[in-house]
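One chain comes next, on its own, written as structure tokens: the form predicted on its own.
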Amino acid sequence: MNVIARSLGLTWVAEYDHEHDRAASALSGFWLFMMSDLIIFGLMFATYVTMLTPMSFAGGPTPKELFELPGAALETAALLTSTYTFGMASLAIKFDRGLGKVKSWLLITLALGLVFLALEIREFAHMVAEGAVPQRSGFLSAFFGLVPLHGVHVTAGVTWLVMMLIQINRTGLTGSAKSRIARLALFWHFLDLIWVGIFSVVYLGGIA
């Protein structure tokens, strides 16, 4: 796992020092956490797919009636762009481009994450206003189990990113800060991959 992390540019401290050993161990442990999270999302995806039946709609709105592709596409664009900007922040750390550039890329990533959350909250509010609430049908229960779960993860990532910006503004890019940003980068890219699955299965699949 440490070899994979180095190949992705997710470790930035010296190769053989003691601090690198601690950072590599922490990153390996975080990989295990992400695997357990992947299992949870896999179960939620499976539940959602099994609820795509007329009986599960219970006379309520269907995916074609409910989903608006332009809004979901905007959410996707914001989150996938944030993957690029976080990658640029990672490269700025790896190649020692300076604290200013790292902070700038992380701030752009934060802004894109907030845009994604704002668009998602607007979507949920519109659905609730139309009476599409979780208790309306099995399909809607599965939807509100899967998609907001991802949103909660993004909220956690945004909060973590704010904390890291505060830390590096106070202490600079210490070895500890680099290790934490590496784990946050892994978490952020994981959420982007999960969203690609949600966009493909829930939104594109729903209106097909």
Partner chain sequence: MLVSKIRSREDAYRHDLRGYQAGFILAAILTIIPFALVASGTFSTIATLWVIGVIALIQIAVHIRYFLHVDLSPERREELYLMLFSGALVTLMIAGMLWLLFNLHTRMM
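Computed from a predicted structure; not experimentally measured. Numbering follows the first chain given and starts at 1.
Separately, the form predicted in complex with the partner chain exists; it is not shown, and the next lines address it.
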All of Gly87, Phe95 and Leu204 within 4.5 Å of the partner chain in the predicted complex, heavy atom check: yes
4.5 angstroms heavy atom contact with the partner chain in the predicted complex for Ala72: yes
Close approach of Ser104 to the partner chain in the predicted complex, 4.5 Å, heavy atom: no
Residue contact check: Ala156 to the partner chain in the predicted complex, 4.5 Å heavy atom: no
Contact of Thr53 with the partner chain in the predicted complex (heavy atom, 4.5 Å): yes
Residues of 28 to 47 having any heavy atom within 4.5 Å of the partner chain in the predicted complex, listed in sequence order: Ser28, Trp31, Leu32, Met35, Leu38, Ile39, Gly42, Leu43, Ala46, Thr47
